[in-house]
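Before any questions on how it binds or moves, here is one chain, the form predicted alone, in structure tokens.
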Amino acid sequence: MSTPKTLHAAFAGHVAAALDALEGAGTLPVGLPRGNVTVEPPRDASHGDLSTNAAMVLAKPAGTNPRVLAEALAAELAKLPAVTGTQIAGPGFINLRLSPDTWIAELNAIAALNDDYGRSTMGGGSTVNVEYVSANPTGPMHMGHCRGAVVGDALASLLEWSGHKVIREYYVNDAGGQVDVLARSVHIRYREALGEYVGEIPEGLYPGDYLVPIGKELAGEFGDSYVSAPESDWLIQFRTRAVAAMMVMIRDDLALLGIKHDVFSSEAELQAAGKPAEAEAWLRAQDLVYDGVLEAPKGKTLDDWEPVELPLFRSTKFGDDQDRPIRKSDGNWTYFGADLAYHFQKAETADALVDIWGADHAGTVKRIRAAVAALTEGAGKEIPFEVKLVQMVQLLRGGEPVKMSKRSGNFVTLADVVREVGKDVVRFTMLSRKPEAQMDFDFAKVVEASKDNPVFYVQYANARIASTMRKAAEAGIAASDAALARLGEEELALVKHAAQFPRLVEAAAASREPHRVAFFLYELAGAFHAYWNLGNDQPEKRFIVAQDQELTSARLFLASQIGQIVRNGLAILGVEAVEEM
């Protein structure tokens, strides 16, 4: 059984066939590149149902006038049975009006594809590594990590929907000074578990109570063996055990959000395997790493700053204000040095890389992107690499900033927030704005039953549809496609909106912007609710018209397919489509 083509895919094919016909007739030169030709809804719905820029794009390389080419192309497209009208707008856009039968056919395509409506083969099976969260393994997840976690997870799902294979990866920063601080903090809790009064946790260590259980565990296992022992005797062991315990906690916190990674890569293992040294060798071979001395920091003189020769990456070649060291003066790798090696490692198993970072890392984007480009090109495999920056989230309660959690030390935990408002609310809310925009998360607003709360508004659309189906079933009426021809312009307007979903998925995947799915769902829910509200004053507009079962069955079929689009979109975002509210 062949898979039905969605409307936009079918018309992209129709435009391609029409261009082929013009080539055959000699109107167009053969072989012009068509990569920029689009078929999409016009910005103003009054202009028609679909619009193509083909004449605009191809006229110049064809050496002809855009409007002349548009007239020839419009004449070809007018031959299609689905096209009821063509109009040339501006300097050469072609607007098309489609027959009602075309939209009814699309409604049937939604029903036929069901859970797969909107899936695409655009990715061609290529592998994309999406690295997200990667919080330091020093404590539970907090809301500062939440937005990037949701954006990354939704992006991974979106890429899978568009035909990519996806590797969901978490980079465990277990080789830096912060994990030594973690080990020292756990040592205090270990002594505390053995009965020692430790008082206030010293400045610079992690004060959270979440370290108490690991301290007790170590006390039970080692007794007082390490109470007075020198740090060198216990640091590595305590660090290893503490990081492992923190990663269990982090995995549990992410699970509350429905997030599960495929790969957890260890920075410590990366360094032990010599990957940073390999990366340095590649970059030296391309003259992108050299031994040099950094300029003195601002305000420092030779009296209080000693210049040291370090291996430097030529960041200035890529727009940075200075070259950056990949090793410290003690020989250890800088974060940048280890990070570029980590990306080199990821590139070995993927065709493209996407990182989700906090906006506070914006300054490192150029240099790591440049280093990755140099490494992968030098290795004979140029890998596209993108960084998506995510702004922090401000927590509010009724408009007032939320006070920090005493239990967790100095932050509000993600687990506390998810348990209070629910996974779906958190996930959808995190995607209700562009990630680069500032976000307020108000506990009162995100559970509000109103149009101003996007997650409620979208879920309510699906719940309304489910409720309508239950009421119809009680009345002995089932959805049917037998009389879809009775659907009018207002009903078909819903189909036109829903039919944009497959194209939206591809566009969102190509731009790595999962929030566009959330925006689309909100708009579709708004269109559905607007039609529903017509029935408040006009009973004949209701989905269930008791005296006209044929029309009711057709409208129920329409409603069920709108619900299918909502469910498919929510599935991409990792949000449940509830049927009762």
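Owing to the predicted nature of the structure, the values given are computational and were not obtained by experimental measurement. Between two forms, the rigid core is defined as the largest C-alpha subset superposing within 1.5 Å. Start at 1 and count along the sequence shown; that's the residue number.
Only in words, not in the display: the form predicted together with the RNA, which the text now covers.
The RNA contact at residue 433 in the model of the complex, heavy atom, 4.5 Å: Flag for residue 433 set to yes.
Flag residue 452 as yes or no: does it have a non-hydrogen atom within 4.5 angstroms of any non-hydrogen atom of the RNA in the model of the complex? Judged by the heavy-atom cut-off of 4.5 Å, residue 452 is in contact with the RNA in the model of the complex.
Heavy atoms within 4.5 Å of the RNA in the model of the complex: does residue 310 have any? Residue 310 belongs to the contact set for the RNA.
Is residue 228 close enough to touch the RNA in the model of the complex, meaning at least one heavy atom pair within 4.5 Å? Contact check for residue 228: no, nothing within 4.5 Å of the RNA in the model of the complex.
So if I measure heavy atom distances to the RNA in the model of the complex, which of the stretches 214 to 222, 162 to 170, 187 to 195, 502 to 510 falls within 4.5 Å? This holds for exactly one stretch, 502 to 510.
Among 124, 91, 274, 202, which has at least one heavy atom within 4.5 Å of the RNA in the model of the complex? It is 91.
Check each of 419, 366, 381, 284 and return the one that places a heavy atom within 4.5 angstroms of the RNA in the model of the complex. Filtering the options by heavy-atom distance leaves 366.
Check all three, 84, 208 and 480, heavy atom within 4.5 Å of the RNA in the model of the complex: Contact check failed for every one of 84, 208 and 480.
Partner contacts for 49 to 83, taking the RNA in the model of the complex and a 4.5 Å heavy atom cut-off: The stretch touches the partner through 51, 53, 56, 57, 60.
Large Cα move at residue 90 between this form and the one not shown, threshold 2 Å, rigid core: After core superposition, the displacement of the residue 90 C-alpha between this form and the one not shown reaches the 2 Å mark, so yes.
Does residue 204 move appreciably between this form and the one not shown, meaning a CA displacement of 2 Å or more on the superposed rigid core? Shift of 2 Å or more: no.
Rigid core fitted, then: does residue 474 show a CA shift of 2 angstroms or greater between this form and the one not shown? The answer is no, as the C-alpha of residue 474 shifts between this form and the one not shown by less than 2 Å after core alignment.
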